[in-house]
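Read the single chain below, which is given as structure tokens and is the form predicted on its own.
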Amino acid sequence: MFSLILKDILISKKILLLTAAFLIVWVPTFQNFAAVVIMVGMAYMGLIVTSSADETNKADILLNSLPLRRYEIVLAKYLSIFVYSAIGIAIYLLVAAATKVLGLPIHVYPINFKAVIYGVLAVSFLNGIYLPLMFKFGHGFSGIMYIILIFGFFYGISYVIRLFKKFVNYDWFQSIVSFIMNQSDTVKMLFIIALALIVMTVSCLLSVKFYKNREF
């Protein structure tokens, strides 16, 4: 399974470095959402590049001729999205440290653990929808859907905020918000992690089912 993840990283290493360089320049405008943007962007580019390469080179036919179980191929894809995200965060932190040590007049917005957890939730949600589509229909259709998901996610944030303001006048909504806000940061983080695990588990089970039923 590790070799499958390494294969994907080697295929996409150039585009990942270019993506990381672009995001490092661009994401500081998002301030607290910097980690979310980096993780989502790196996972997106990594999956798009490797999925396209696999389909072009008919890699699925080769992989299924090897002594690999289909669930291992699926699981490797799921693990790879977090590897891409981790690479992006690592590069961002290295750049931030370098600018501080060298005293460069560049402000790199700091990334904290809470922001990374939110990034994990965003990556889990978006790819939890995309990957079952990819394993069901292949790269072409699912790639278009992925682009729609990405833009819908970022443009949908403002809609969520408006929806939040609309529901804030309801007693039941205030009770839920109050209950969540009264919890410790640790409990909040555990809740987010649990939610991400549920999304990814359901998504992975669907992907395995779809991939097992595909013919190559």
Partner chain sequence: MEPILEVKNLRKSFKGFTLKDVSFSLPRGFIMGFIGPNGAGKSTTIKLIMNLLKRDGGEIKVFGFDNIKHEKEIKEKIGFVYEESYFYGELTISEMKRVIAPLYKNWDEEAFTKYLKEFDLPAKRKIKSLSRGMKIKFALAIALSHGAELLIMDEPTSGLDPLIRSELLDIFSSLIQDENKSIFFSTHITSDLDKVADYITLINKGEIIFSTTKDEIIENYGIVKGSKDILSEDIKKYFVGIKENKFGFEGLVKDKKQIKKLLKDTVIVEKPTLEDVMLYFTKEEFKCSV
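Given the structure is predicted, the values throughout are model-derived calculations rather than measurements. Numbering follows the first chain given and starts at 1.
Beyond the structure shown, there is the form predicted together with its partner chain, which is absent from this document and is the topic of what follows.
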Margin query: Just to confirm the contact call: exactly one of 87-95, 69-77, 128-136, 110-118 touches its partner chain in the model of the complex at a 4.5 Å heavy atom cutoff, so which is it?
Written below: 69-77
Checklist line | is_contact(Ser65, its partner chain) in the model of the complex, heavy atom dist at most 4.5 Å | finding: yes
Item checked: Contact test in the model of the complex: Ala53 vs its partner chain, heavy atoms, 4.5 Å -> yes
Note to self: Is Val37 near its partner chain? Define near as a heavy atom within 4.5 Å, in the model of the complex.
What the structure shows: no
Check: How about Leu10: is it within 4.5 Å of its partner chain in the model of the complex, going by heavy atoms?
Finding: yes
Note to self: Residue by residue through 117-133, which ones have a non-hydrogen atom no more than 4.5 angstroms from its partner chain in the model of the complex?
What the structure shows: none
